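Take a look at this single chain in structure tokens; it is the form predicted alone.
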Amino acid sequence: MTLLNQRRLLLAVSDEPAASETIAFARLLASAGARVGIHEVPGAARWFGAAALEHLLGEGLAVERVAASWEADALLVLGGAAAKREWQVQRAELPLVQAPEAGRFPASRWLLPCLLRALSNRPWESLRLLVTAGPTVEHFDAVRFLSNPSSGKMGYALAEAAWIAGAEVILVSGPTVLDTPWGIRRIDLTSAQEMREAVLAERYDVVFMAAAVSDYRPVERRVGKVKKGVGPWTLEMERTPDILAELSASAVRPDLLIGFAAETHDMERYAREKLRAKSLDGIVANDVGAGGAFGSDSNCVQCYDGAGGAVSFGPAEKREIAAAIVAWAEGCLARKR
């Protein structure tokens, strides 16, 4: 089941600049499982080509030409501010999403999250939320470092899911190649120490500590690139800050603190030990052994709460897993309050 499965979405084509994107938008929404009704102002078909629209309608997707009064779950306006105001009057009962300036952002970045946020009842509307994501990197010298294979995909999906639920989201990210999810402020950093400073800088209502923080770093970081020598290079290592434990015991501890556990064996035992030892409200555990979840677009997780409860999600795409984790965390927060 997709995130927009069987949702009825009215696509209002109101001016020429936006009309050029109509076909791509309709195809993307219908491919995500939605039923799409296209309403054009008189003459709009000439802007994006009647033949192109007829081809789309013949592809077997759930797309059709409709009247302005078509029964819908949400309204997407392709047009400027004047068009938005007009449609707000016409269909005031519908959640409304207005496309950004034509061509400024690819639809793949903003369209689905904005529609899902509009359709959500926004249970976290008034909450400030922080998500940590990706790996951290600890340098030996200018070009060599200790890290791990985390891609950041799970944390980024969580940030998006929390934003869809209505929260103001700050994403604290180690090095990744991922685009920042729509509507979210991102803080980029490299090391565990930098992540500690960012996490403890201010208080949030909810924190998801999804980053794969390096547990060790070299005691000494050499200047420049160390050249190859004849013998071995022996490195002395030290522990990095335990950000999760420090946050849990700090004055800026959030109302809801969710940790993550990446394990290769005895996952439940280690996850529950971490939950208790760091006084967390919940923990999300996943198996990263034998290829596991690192770098994958899908995942399978087990969530444990402080009251002894447990629930599993997946296997599924990380976007769907993230939405399920956020819904589970809503329950954890409600029980605390």
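All residue numbers refer to positions in the sequence shown, first residue = 1. What you see is a predicted model, and the numbers here were worked out from it, not measured in a lab.
Just so you know, the form predicted together with a small molecule exists too; it's not on screen, but the next bit is about it.
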Check your understanding: Going by heavy atoms within 4.5 Å, which of 164-172, 106-114, 203-211, 121-129 lines up against the small molecule in the predicted bound form?
Key -> 203-211
Point to revise | Three-residue site Pro254, Arg276 and Gly306 fully in contact with the small molecule in the predicted bound form at 4.5 Å by heavy atom | key: no
Review point. Quick one: does Gly152 come within 4.5 Å of the small molecule in the predicted bound form, counting heavy atoms only?
Key: no
Review point. For Pro181, is any heavy atom within 4.5 Å of the small molecule in the predicted bound form, or not?
Key: no
Exercise for review: Verify the contact flag for Asp215: yes if a non-hydrogen atom of it lies within 4.5 Å of a non-hydrogen atom of the small molecule in the predicted bound form, no if not.
Suggested key: yes
Review point. Is Phe260 one of the residues lying within 4.5 Å of the small molecule in the predicted bound form, judged by heavy atom distances?
Key: yes
Exercise for review: Taking 4.5 Å between heavy atoms as the contact cutoff, choose which of Leu76, Ala72, Ile243, Ala157 touches the small molecule in the predicted bound form.
Suggested key: Ile243
